[in-house]
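The chain below stands alone and is given in structure tokens; this is the form predicted alone.
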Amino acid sequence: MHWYLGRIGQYALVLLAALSLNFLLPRAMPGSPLRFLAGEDVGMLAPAQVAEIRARYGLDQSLGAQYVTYLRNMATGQWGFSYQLGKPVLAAIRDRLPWTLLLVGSSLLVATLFGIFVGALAAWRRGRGLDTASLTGAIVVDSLPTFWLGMILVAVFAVELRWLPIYGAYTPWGPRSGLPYLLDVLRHLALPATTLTLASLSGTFLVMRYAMLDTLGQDYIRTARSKGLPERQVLVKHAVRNALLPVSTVVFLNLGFLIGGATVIETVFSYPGVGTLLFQAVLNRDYPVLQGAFFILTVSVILANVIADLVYPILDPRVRGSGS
């Protein structure tokens, strides 16, 4: 119990620090949101009109007063209105969040299953062609910039082969219900999901491979083999099950970081998720949207860590017994 209370306190401090950075960083950026609030002719407005606009959006308050208001609004869910979109920030994020969850969820599922399977098989065949090829491929893909990988996929599959659409989550003039709509969404999802899967696959693969190599050297594996058990049974029931423990932590952490990491991919493919909304808010100095989107990303990472802390002792009773 004391360990869990200590972890909750640590996460509360992390959340407060992240919220403070979330407040300060947008205001440290060069430029002013007035141009997006009052239009391109903001320089022609009288000082009284500029002061009225600043007062309307709370920009005339001191930085400390804005910070207190910001914390109160974050806690109560009153995140204000978007300067650019002219609607509540919660509504803007609510419209975009399902697309991000679809992208991240499908990518994480495929990357986890494929990474576990190939990692276990590579460790089982250590030093052979499959192990060398998969390890080299994982390192090469992991070293590639995500935006560059996405642009290569666009150039090949969307521009040259014309198999898949270049941007968006669906065809604006296409069907909006039924199976045709579902297939249209999946076609638009294919390229960004593939890019995000490749970007997150290597981490799961490498952790699974090294965990399997460590597990295969344990005494209980040698005991299982000495009993004459089939190699497939030793692999699945003894080696893979125990090697999955560290992989489970990586999966939960990837869940949090992929939501933030999807920003680059959503921007490359103009995918209408939270990442694209965040990028547009940066360009437009839209402070309320920046604060709301960063808050969502921060909470997702912290929740992923909390889930990992809660699940790992259940999966591995040795951790719970040692109190570590």
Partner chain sequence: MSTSGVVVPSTAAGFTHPRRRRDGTVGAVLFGTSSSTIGTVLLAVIVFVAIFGTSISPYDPRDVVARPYLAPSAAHWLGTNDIGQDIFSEILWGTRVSLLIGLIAATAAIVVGTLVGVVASLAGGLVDQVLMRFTDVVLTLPFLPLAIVLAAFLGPSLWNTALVIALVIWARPARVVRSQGLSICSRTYVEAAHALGGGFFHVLRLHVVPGVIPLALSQFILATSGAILTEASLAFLGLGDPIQKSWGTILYYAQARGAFLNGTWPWWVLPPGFLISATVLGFALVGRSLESVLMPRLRQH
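Positions refer to the first chain, counted from 1. Predicted model, so just to flag it, every value in this text is computed and none were measured.
The form predicted in complex with the partner chain is left out here; the points below concern that form.
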Using a 4.5 Å heavy atom cut-off, state whether Val301 contacts the partner chain in the predicted bound form. yes
With the partner left out here, check for me: in the predicted bound form, does some heavy atom of Pro145 sit within 4.5 Å of the partner chain? yes
I'd like to know whether Thr195 contacts the partner chain in the predicted bound form, with contact meaning heavy atoms within 4.5 angstroms. yes
Quick one: is Leu121 in contact with the partner chain in the predicted bound form, heavy atoms, 4.5 Å cut-off? no
Testing 111 to 119, 223 to 231, 237 to 245, 208 to 216 against the partner chain in the predicted bound form with a 4.5 Å heavy atom criterion leaves exactly one stretch, namely 208 to 216
If the cut-off is 4.5 angstroms on heavy atoms, which of these, Ile152, Leu130, Leu186, Leu71, is the one near the partner chain in the predicted bound form? Ile152
Considering only 154 to 169, what residues come within 4.5 Å of the partner chain in the predicted bound form, judged by heavy atoms? Ala155, Val156, Glu160
